[in-house]
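Here's a solo chain for you in structure tokens, the form predicted on its own.
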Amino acid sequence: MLNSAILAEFIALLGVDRVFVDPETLTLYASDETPKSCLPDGVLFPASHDEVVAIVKLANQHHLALVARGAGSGNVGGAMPVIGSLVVSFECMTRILEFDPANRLVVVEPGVVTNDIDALANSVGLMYAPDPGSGAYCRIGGNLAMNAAGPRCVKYGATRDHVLGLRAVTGDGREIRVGGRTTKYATAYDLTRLLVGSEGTLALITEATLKLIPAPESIATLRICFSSNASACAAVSRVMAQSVVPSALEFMDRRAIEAIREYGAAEGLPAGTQAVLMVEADGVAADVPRQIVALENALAGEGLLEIQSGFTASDIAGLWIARKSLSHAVKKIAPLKINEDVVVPVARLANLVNAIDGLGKFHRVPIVSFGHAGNGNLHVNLMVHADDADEMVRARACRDALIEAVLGLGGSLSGEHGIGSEKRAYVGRELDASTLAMMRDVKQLFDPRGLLNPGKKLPDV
């Protein structure tokens, strides 16, 4: 529990209406989407950069750990408190500080909802390209912390690729500005890209200058059904080897299709469908049909059952129905999903899918895989019952074997969800000792007392 004298200092700084230590609020902020929790000692709601500086300096005086939080939509424990910590919620820092369409940039505070940035850009014919699945409610600060991505990443890149500059506060209260306002910048070390994806362990980001790009005039969608996972993966490789880069290339595996059928949302899928790809093209309206033809040619091959195309908003929405139903459909398999966000080189996607199939059968754990095939990034969901001790033992063994398979294929632990507390024990399997030592040196430089988001990103020594 927070010492009363220290509590009084935070109240003097922020006001009684932005410092909370009541049980209800502490419980609300005790976890993110990870099925674990830890009560913080307090929750703070800064409303400005200067208040964040003051919070960090006070935390240093009293040696208090700080855990930054956006909407709490992450699922790897990145925003989960640790014992004795204070949550710093950025929900009150929601201002658009500058909108400069002429220079294709926007400056925002970390509490701005991600889709609101895109909507603002759309109002003048621009777009903010990163599109995480939680974009309707997640905050840009969390996206920056985890280097979030989404379907459009295959063509436009992840959050890191759309950040021009940042304002932040290091773990010892220093104010820093990194990057700038231009798309070309070669003056300093690239600390901007270092902070993006650092999961709040190096600094608290208080302001972001984001790159905007022209919005496409037109979007068209293809839904492609295959008779096997292997034939769908082969088609992914063909698509990514030709000249037309799709704006989305999504995959659903055999077990995902089974879940959708059991849920009653597979209407329109031909008999024998075992895997589905969703492919989108965008750009100048006159050119999109040409792109679609090129993509259809690349997708054609062994195991193809059907290609359906959509060029209008209603037709596109109809093609996405099966995919949109998946999150609800998998809940009928089991109430808890262990979500692994792994990524492998695109040409090895079929190897990964085969490995997943084999692991599910060997460990007797239902696994549903789907995700961003164009990047080799799959969300591998182990569907389990938390109250079944034997199943949980098998699921943990299956997860461990999955990580080994991914690393053996030259892949990585996380494509877009981050490491948080849930995956950090595996980091040492992917990174060598020298690299980890250098990362710890960087952490020490930014956060000498180790107060920012302890127990995340880096494994124990």
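Every value quoted in this text rests on a predicted model; they were computed, and no experiment measured them. Residue numbers run from 1 along the displayed sequence.
The protein also exists as the form predicted in complex with a further copy of the same chain; that form is not presented, and the subsequent description refers to it.
Peer 1: Would you classify D17 as touching a further copy of the same chain in the predicted complex, given a 4.5 Å non-hydrogen atom cut-off?
Peer 2: Outside the cut-off, so no.
Peer 1: Against a further copy of the same chain in the predicted complex, would L445 count as a contact residue? Criterion: heavy atoms within 4.5 Å.
Peer 2: Output for L445 is yes: heavy atoms within 4.5 Å of a further copy of the same chain.
Peer 1: Using 4.5 Å between non-hydrogen atoms, is T187 touching a further copy of the same chain in the predicted complex?
Peer 2: T187 belongs to the contact set for a further copy of the same chain.
Peer 1: Within a 4.5 Å heavy atom cut-off, is S412 in contact with a further copy of the same chain in the predicted complex?
Peer 2: Judged by the heavy-atom cut-off of 4.5 Å, S412 is in contact with a further copy of the same chain in the predicted complex.
Peer 1: Are all three residues N103, I176 and V245 in contact with a further copy of the same chain in the predicted complex, where contact means a non-hydrogen atom within 4.5 Å?
Peer 2: Yes, the whole trio is in contact, each within 4.5 Å by some heavy atom.
Peer 1: Using a 4.5 Å cut on heavy atoms, which of L194, L120, A234, L304 is close to a further copy of the same chain in the predicted complex?
Peer 2: Only one listed residue qualifies here, and that residue is L194.
Peer 1: Just one of R348, R323, R254, K337 has a heavy atom within 4.5 angstroms of a further copy of the same chain in the predicted complex, so which one?
Peer 2: Looking at the other structure, the residue within range turns out to be R348.
Peer 1: For the chain shown here without its partner, which stretch in 167-175, 269-277, 327-335, 109-117 has non-hydrogen atoms within 4.5 angstroms of a further copy of the same chain in the predicted complex?
Peer 2: Going by heavy atoms within 4.5 Å, the stretch is 167-175.
Peer 1: Within 4.5 Å of a further copy of the same chain in the predicted complex, counting any non-hydrogen atom, which residues from 369-389 show up?
Peer 2: H372, N375, N377 sit within 4.5 Å of the partner.
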